[in-house]
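Presented below, as structure tokens, is a lone chain in the form predicted alone.
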Amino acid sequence: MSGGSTPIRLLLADDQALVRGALAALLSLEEDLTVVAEVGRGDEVVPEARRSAPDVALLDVEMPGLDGIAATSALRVALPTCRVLVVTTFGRPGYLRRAMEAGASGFVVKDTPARQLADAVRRVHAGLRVVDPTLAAETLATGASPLTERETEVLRTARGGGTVADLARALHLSEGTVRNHLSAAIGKTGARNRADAIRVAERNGWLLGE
């Protein structure tokens, strides 16, 4: 794009400085794109967006401070004119579903070729939806998480290991309640045991959050 058109202003949010720098370098090669801000934490997205007024924010999912999906939701409220393209290493069906529900306009994985990524930015800026086609198919096949909020919390806490008693203390629940939630989560994920249930839920992106 040439002829004096105003470049599309971009904000990049990724906690890995090397990845962020590489994305900035690649996108800056496009004459109609300009990177106006870079942040390494999810809770820096809205303040920096207010300062730099980007047209499109490219957000990673897993970041400190605030995950990319929560940051998407906050940004859509704070700056409704700024569109969000989630660019992540983790192409998990649950992440895609939640990102779209939070107001993202697009969802692509980081190994997307530079030319395709730049095109995705342009399409999102134009008001279109851009979704990785393989991931979209997986998301439709997988469906929403079958876990309740409490079952998700118990599995998320169980990722760190520990006995049922340890989990009960951490969650301020009785051991019997923790066992019931673990049993339900194992059944719903079709898993053999607790570790397997955590793996299944992780793979599908059902455990995002703190």
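This is a predicted model, so every value here is computed, not measured. Residue positions are given as counts along the sequence shown, with the first one as 1.
Quick note: we don't show the form predicted together with the DNA, though the next part is all about it.
query: Any idea which of 24-32, 63-71, 146-154, 50-58 reaches within 4.5 Å of the DNA in the predicted complex, heavy atoms considered?
result: Result of the contact check: 146-154.
- prompt: Each of 176, 179 and 186 near the DNA in the predicted complex, meaning some heavy atom within 4.5 Å?
  reply: Every listed residue reaches the DNA in the predicted complex, so yes.
field: 4.5 angstroms heavy atom contact with the DNA in the predicted complex for residue 40
entry: Because no heavy atom of residue 40 falls inside 4.5 Å of the DNA in the predicted complex, the answer is no.
query: Does the 4.5 Å heavy atom contact test between residue 36 and the DNA in the predicted complex come out positive?
result: Looking in the predicted complex, residue contacts with the DNA do not include residue 36, since no heavy atom lies within 4.5 Å.
query: Heavy atoms within 4.5 Å of the DNA in the predicted complex: does residue 46 have any?
result: Residue 46 lies outside the contact set for the DNA.
message: So in the predicted complex, is the DNA close enough to residue 194 to count as touching (4.5 Å, heavy atoms)?
response: Output for residue 194 is yes: heavy atoms within 4.5 Å of the DNA.
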